[in-house]
Ligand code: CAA
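This document opens with one chain alone, in structure tokens, the form predicted alone.
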Amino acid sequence: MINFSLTEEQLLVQETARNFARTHLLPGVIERDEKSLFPKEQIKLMGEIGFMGMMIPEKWGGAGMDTLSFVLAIEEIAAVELATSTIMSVNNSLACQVLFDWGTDSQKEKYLKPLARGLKLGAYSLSEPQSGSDASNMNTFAEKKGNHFIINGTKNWVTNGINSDIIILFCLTEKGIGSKGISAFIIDKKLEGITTGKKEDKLGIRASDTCELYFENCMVPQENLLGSIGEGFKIAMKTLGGGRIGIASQAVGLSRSALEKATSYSKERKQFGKKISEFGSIQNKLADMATSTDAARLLVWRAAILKDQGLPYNKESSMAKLFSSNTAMSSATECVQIYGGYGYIQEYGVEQLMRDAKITQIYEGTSEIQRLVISREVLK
């Protein structure tokens, strides 16, 4: 028997996230988007309530919650501001989780604890200018010299790159052998030889910073190697598999927000002498949005529960991300359509949903890559 009910703790997490989003995020959403303002104070508060290391055990500074609790919180944050949920998701799924899964006790003590407590912010750096979806196509190189690695190269699309304190970096330690030559490192931003590029001027999630990182003879201690030499690509892919659950839950939150806004507006707006919610064409749009949003949420919950149970979830997380991101884009577009001309102007906050939704189909693996992952699993 499938049980769809949430525990008291999970309901409390959901309520806490919803109240936080409405109280601390909603008032400045449009301004942060327009001016690309990083929500520094809001992120600090999220750390204080345990939202920056939700799935990390209390021993290592986290909240000790399950993945389902995490996606419940992400949905509520994303329903108000996708950019802030992106910052939260990266710190939880791509920084804290990788350190918990692969870090030594000393690495966890030094780096995981402050990240999980929200005292420091993490970033995840895999992509390079020439790579994109071909993640193993790297040029950034870490040369072993004594008890250090000397790193040179350029990384891009680094979410939290400007405001982060700690970076999970993937780069070559051996050339000419493809993905087997990739290793992972913990990078303290205070190290010399690291330069942060300009903040990218993005279509959406503008309050979340994205930039390039330049490494020029950056000397990294050997003890900052994460896992073993040549294990980096495996670490990166496993981490992204879990991270996609967070992105999928973001998309659900945005889709739900689009549905709620469209429903509310349709009950108020009158055309031809009656509310537009009385027109069949509008009702059909709302019905499709509601159905797809619920279906997306169920896919996300399934992936989260499989992860919590220690069962394989790679296919399911890709399915959740693929379907949820497409749903977010569709719901946002229909929401703008229902608002008509008003949906096209900034004041109503609807056009932002449309701009924000697009990134869910791109980052942490494009929709095309998700289909590749799913088909490979199906064909096994």
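From 1 onward, residues are counted along the sequence shown. Quick caveat, the model's predicted, so the values are computed rather than measured.
Although not depicted, the form predicted in complex with the ligand is the subject of the following passage.
The stretch in contact with the ligand in the model of the complex, judged by heavy atoms within 4.5 Å, is 125-133, chosen from 110-118, 142-150, 125-133, 278-286. Although the partner is absent from the chain shown here, none of 29, 348 and 353 has a heavy atom within 4.5 Å of the ligand in the model of the complex. Contact between residue 173 and the ligand in the model of the complex is not found at the 4.5 Å heavy atom cutoff. Interface membership of residue 158, defined by any non-hydrogen atom within 4.5 Å of the ligand in the model of the complex, is confirmed.
Although the partner is absent from this view, residue 100 stays clear of the ligand in the model of the complex, with no non-hydrogen atom inside 4.5 angstroms. None of the heavy atoms of residue 189 is located within 4.5 Å of the ligand in the model of the complex. A heavy atom within 4.5 Å of the ligand in the model of the complex is found for exactly one of 234, 302, 269, 199: 234. Shown here without the ligand, the chain has 90, 94 in 77-116 lying with a heavy atom within 4.5 Å of that partner in the model of the complex.
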